[in-house]
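Okay, so we've got a single protein chain in two different forms coming up as structure tokens, structure 1 first and structure 2 after it.
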Structure 1
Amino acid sequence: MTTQPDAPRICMVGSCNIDLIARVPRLPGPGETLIGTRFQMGFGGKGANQAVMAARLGAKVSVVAKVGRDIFGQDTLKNFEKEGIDTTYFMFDDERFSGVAPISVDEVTGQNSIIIVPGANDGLSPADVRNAAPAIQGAQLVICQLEVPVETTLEAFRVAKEAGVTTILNPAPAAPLPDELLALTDVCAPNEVEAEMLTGVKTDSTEGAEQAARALQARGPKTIVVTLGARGALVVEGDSPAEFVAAEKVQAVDSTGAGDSFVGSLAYALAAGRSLGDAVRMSCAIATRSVLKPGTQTSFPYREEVMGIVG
């Protein structure tokens, strides 16, 4: 996959995992062994997912990430290269295993049980980020999440702000956030559960989601985009009235990774110079498209598949 010389430039500092998915008749109880019906592996980690989505839309993407020196790490590197992603600052950890996420899925109810073992993601350090400063400084926009140490994300945003690079924080999984990190965040993009966990404000209504967004906004970010699942997204920018962006109603096949599809698309659209409202509408439409196929990265569309949306 090739990108145009004037393609939006995005740097992702964050996580890579391998998903190990077993489908079972029901979720096992303590001490119980069950025979599963199907097993599959997939590339995951919020950071990797968001990077791949942005690259598939045509962005020039670089990654700052760390994996174990094992088959999972080698496969992750090959996957990034296949997607046309710059891996100059993709690193191997000689002590830790690659991050993995064993997932059991009840094939009757669709409920799942997930164990995330961060592995080498925990080894991505502020020093690694400083070494990768050229990738951050050369980008128009940097995306981070909370699946690597928070001090590493903080260092990435410090480097970005010193260079005048726009920052997007996807605060997932939700965790206490240092005030400095939020102060360095231009766009904060939680889902409704994360927004509630970060603020203590109920987000089961549009009004509640706006209250949570305003509470986050008061801590630093000028712009908050709260994703609301199948409902769409809520946009709060500065002192302007909140804008609700409705998602198209579809029969979802698999919603796994839809949030990452949204964030990766949002990063692409903002780096490409779209207005915030237009960027959120585009991202909602692409995330909706992703739920029509099974899997995570396997469900993410390529640019040519969504030309009517991307324009």
Structure 2
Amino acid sequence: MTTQPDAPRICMVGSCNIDLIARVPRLPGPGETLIGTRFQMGFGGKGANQAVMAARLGAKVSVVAKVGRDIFGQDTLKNFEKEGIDTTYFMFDDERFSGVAPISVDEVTGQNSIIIVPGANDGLSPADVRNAAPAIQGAQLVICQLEVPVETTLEAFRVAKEAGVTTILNPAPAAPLPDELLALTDVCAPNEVEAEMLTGVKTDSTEGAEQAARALQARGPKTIVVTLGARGALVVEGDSPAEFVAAEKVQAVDSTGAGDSFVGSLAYALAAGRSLGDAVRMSCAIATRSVLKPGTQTSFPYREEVMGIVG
């Protein structure tokens, strides 16, 4: 897809993995060997997924990321190029292998369990980010997750805020967050499990999710968007009352990457100047579409397929 000259500009600083996905009759227990029914290998990594989703909607996306000097790394580069993503600051690590993620998907419920072996993602350093500062400074919005070292994410947000660039943090997988990182975050978008792990507040009800969001908000970000899986999302902005956005009920085939589809869409919509409520409604609808197909990036729609949602 050709991006328009006035397309929203987004920089993703974060992870790339190759997903090794097995469909299984149910998720395995400890010590159990299960026979899977299907195997799929594809491009993944929360950062890469979010970058690809935003690019498919029409954003001009650049990535600051690191892979190994192996076939997975080469293929990841080709995939970004195919998606029209700027790879000026896509780097290769001479010692580490590319990140991989063995994933089991329950073929009945579409739910998954994911293991991440970060490999070269761990080699993305604050110095790499400083070197890539022009990509961040030239964007309207930067998105980060927690699959690269937290000091690297922190450096990305320092560069972004010095340049007046909006920051979105998807704190996944959940990990202790330095106060400075949250202070530099404009929009924090955890899922309900991450919100609970970060705050200690139970998020199994909408009220609980709001309490967790308010606890995160007290640490810095003005805006919190908690994704609630099949239920939808909860939006907390400043002192305004929380808004619950319900997702359409569908029969999920594979939920892998749905959260990334949401965050990539949210980044696109906010950089395009949409209101927060509108951006979250659009992102929920697109993420819902993504659970209807198997795989990670393979399930993300292109702009042409969601014109009714994007408008």
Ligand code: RIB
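Start at 1 and count along the sequence of structure 1; that gives the residue numbers used here. Being a predicted model, the structure only gives us computed values, none of them experimental. Rigid core: the largest C-alpha set superposing within 1.5 Å between the two forms.
Here the chain coming from the form predicted on its own is structure 1, while structure 2 comes from the other form. When the rigid core is held fixed, the Cα atom of R69 travels less than 2 angstroms between structure 1 and structure 2. Comparing the forms between structure 1 and structure 2, the C-alpha position of I35 differs by 2 angstroms or more, with the core used for superposition. After superposition on the rigid core, the Cα of A22 moves by 2 Å or more between structure 1 and structure 2.
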